[in-house]
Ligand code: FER
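In structure tokens, the next block holds one chain alone, the form predicted alone.
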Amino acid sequence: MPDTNPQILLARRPQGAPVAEDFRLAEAPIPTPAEGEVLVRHRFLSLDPYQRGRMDDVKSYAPPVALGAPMECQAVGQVAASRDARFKEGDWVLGGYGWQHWSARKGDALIAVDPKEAPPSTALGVLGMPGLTAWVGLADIGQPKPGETLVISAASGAVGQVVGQLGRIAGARVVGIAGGAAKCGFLTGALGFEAAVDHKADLAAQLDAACPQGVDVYWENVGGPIQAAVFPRFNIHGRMVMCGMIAQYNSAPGSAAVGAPPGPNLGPVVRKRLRIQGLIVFDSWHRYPVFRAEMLAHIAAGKLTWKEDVVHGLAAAPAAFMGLLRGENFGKLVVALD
């Protein structure tokens, strides 16, 4: 076992987009698990847009990362030592914490992962928090019906690619919005979406061509100009799942995204009887066992696939995370601690 625990700490709170100086590489002692705890050796770290919000000292649904503390994330790893009878050395688990190589976690915070069912890294993506987000949001809010049009922003990302595939399983006509020909080709090719819209081109014209019957369900991951373009195209009784607003994450709390147009006129919410609802996946972790079983069945039936964007080594995490906020990742972004 190594002598120290490499970590990446929050060195200062960002002013706008994070920069390298907001992070600091450090070494700490490997934690010793207390009674009821498990020492987890991290193998994969999850990088997700929500972590940007944790860098700000503002009131939210979860507390901010403290200055000088490891950056927040979920990790998949193996049990190195256990003081919880439910886990033994070598077990794979979801629930490690932080941009670091090791963490000591309460056994109640861990979920066993069977690497024979799917690669362990999928517990951070299609079989993890992003996948659960898609599954819950579509079931509870989006509720796509056969023949309806489902539009997804950031559709090639960790959540978007799962939303689209679950929408297709439900019988919806799926249109994904992504940046660039490669991502759009992935949506209509590997994922089988009916159409893809490149937000770097003429967004309005592409949406009109891809959604001739209007939009019934919109999955919002981005906000800003994309939201403004989709909103007028809603049909009566449309549903908008508010999952994320990455276009605004680097703006000051409470302000609009830099350079963004004014928000949509909300008058049509009344006229069209629209439903707009926010989603925080941590409200639904109790549904994880049902979600995982259903998703594994879809995978076994060949109805569900996924794409990962893997970077290697803890030191690569800050640059990869900053790229994620700029939309540079292609698929679910994970850090492999080789």
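Note that residue numbering begins at 1 and tracks the sequence as displayed. Just so it is clear, the model here is predicted, and its values are computed rather than measured.
Keep in mind the form predicted in complex with the ligand is missing from the figure; the text below concerns it.
- Contact with the ligand in the predicted bound form, judged by any heavy atom within 4.5 Å, is made by just one of 26, 296, 280, 269: 280.
- Contact with the ligand in the predicted bound form, defined as a heavy atom within 4.5 Å, holds for exactly one of 97, 92, 249, 231, namely 249.
- Heavy atoms within 4.5 Å of the ligand in the predicted bound form are found in exactly one of 34-42, 59-67, 296-304, 269-277, that being 59-67.
- Within 4.5 Å of some heavy atom of the ligand in the predicted bound form lies at least one heavy atom of residue 50.
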